[in-house]
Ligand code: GTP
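Given as structure tokens, the chain that follows is alone and in the form predicted alone.
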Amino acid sequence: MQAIILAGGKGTRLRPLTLSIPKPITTIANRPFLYYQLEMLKKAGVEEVILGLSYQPEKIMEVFGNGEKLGIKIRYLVEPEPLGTAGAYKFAESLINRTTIVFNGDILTNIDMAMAVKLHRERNATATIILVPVENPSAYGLVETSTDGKVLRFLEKPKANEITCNTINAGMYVLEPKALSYIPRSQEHSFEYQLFPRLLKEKEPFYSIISKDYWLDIGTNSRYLQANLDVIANKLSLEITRTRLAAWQSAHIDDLSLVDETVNLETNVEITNSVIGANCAIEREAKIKDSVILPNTKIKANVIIEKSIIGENCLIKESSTILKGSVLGNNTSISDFSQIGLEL
């Protein structure tokens, strides 16, 4: 089986974290995000993954290579210009010769895609879309389905009196090569607004699978933070190795926190429900809670950080306080006694 991951976006909603690196290699729980998608696809029986890239592709290629270390074949296609979701799928047409799983490049999930492919084939579907239920349907475009799973129509952010379901597009599909015939070549084209309505119009067998498994679009800063905390909270049942060095005995680290073994921790540092990246240095009495600290950052004495993201190579000077979902880009320097995210 093969898959294509559409990972060409610039990650603008995730700035400033994506100003210097593409979203697929931003780290979740100290690993480049794309690892989670690749490992999930491998578990589903995928042998070959095509990465559709556009923004800083060489950085992604450098991290993943040909996939040998993961035991999965990786091939790369770099779009000369943005082609949209369906356009990127069409751009890979020369490499697609069988049933293909298609993934948006910002989805963290543990959905069983092997089951999805099995059901897709049993139904003789041309296309299958994975759907997830949401609590507030009015904030999304909805997908209406029949009791037997057939896709009936797409509702783009309906009004309250127009809501007939609570299921949204999860950005994951199973497609037969026949779907490519409905996509124009070398043009920007969308799955949601162009290809899928065309499949309905042409009465192609188009089915859905509603999943209640873990699913999250990591594309904003708040959801990026949530993804990190969900992974260390074992919401995806991933294997996580938590290091606790003898040199850290004078620090207080709770059971959930993930601290890279290269981190230097001084006396009475407190780390709660947080992720600390490689080569960070955290000085005495600093307190970090519900946060992500990216690699090579230095946090001075008596600093307090809560519910925030601190980029790479930052310097947070003594007795500063950073709260309420603050996000610091790479190479940021914060002066002594600064207060960020506080109400004055």
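Throughout, we count residues from 1 along the sequence that is shown. Predicted model, so just to flag it, every value in this text is computed and none were measured.
What follows is about the form predicted in complex with guanosine-5'-triphosphate (GTP), which we do not show.
Visitor: Quick one: from Leu53, Ile316, Ile305, Leu38, grab the residue that has a heavy atom within 4.5 Å of guanosine-5'-triphosphate (GTP) in the model of the complex.
Guide: Only one option qualifies, and that one is Leu53.
Visitor: Which residue, Glu144, Glu266, Asp230, Glu79, has a heavy atom that falls within 4.5 Å of guanosine-5'-triphosphate (GTP) in the model of the complex?
Guide: The residue from Glu144, Glu266, Asp230, Glu79 that makes the contact is Glu79.
Visitor: May I ask you to check whether Thr12 falls inside a 4.5 Å heavy atom distance of guanosine-5'-triphosphate (GTP) in the model of the complex?
Guide: Looking in the model of the complex, residue contacts with guanosine-5'-triphosphate (GTP) include Thr12, since a heavy atom lies within 4.5 Å.
Visitor: Residue-level question: is Pro137 within 4.5 Å of guanosine-5'-triphosphate (GTP) in the model of the complex, judged on heavy atoms?
Guide: Residue-level check for Pro137: no, no contact with guanosine-5'-triphosphate (GTP).
Visitor: Quick one: is Thr85 in contact with guanosine-5'-triphosphate (GTP) in the model of the complex, heavy atoms, 4.5 Å cut-off?
Guide: Output for Thr85 is yes: heavy atoms within 4.5 Å of guanosine-5'-triphosphate (GTP).
Visitor: Does the 4.5 Å heavy atom contact test between Asn104 and guanosine-5'-triphosphate (GTP) in the model of the complex come out positive?
Guide: Judged by the heavy-atom cut-off of 4.5 Å, Asn104 is in contact with guanosine-5'-triphosphate (GTP) in the model of the complex.
Visitor: When guanosine-5'-triphosphate (GTP) is placed as it is in the model of the complex, which of 267 to 275, 104 to 112, 120 to 128, 198 to 206 ends up with heavy atoms within 4.5 Å of it?
Guide: It is the stretch 104 to 112.
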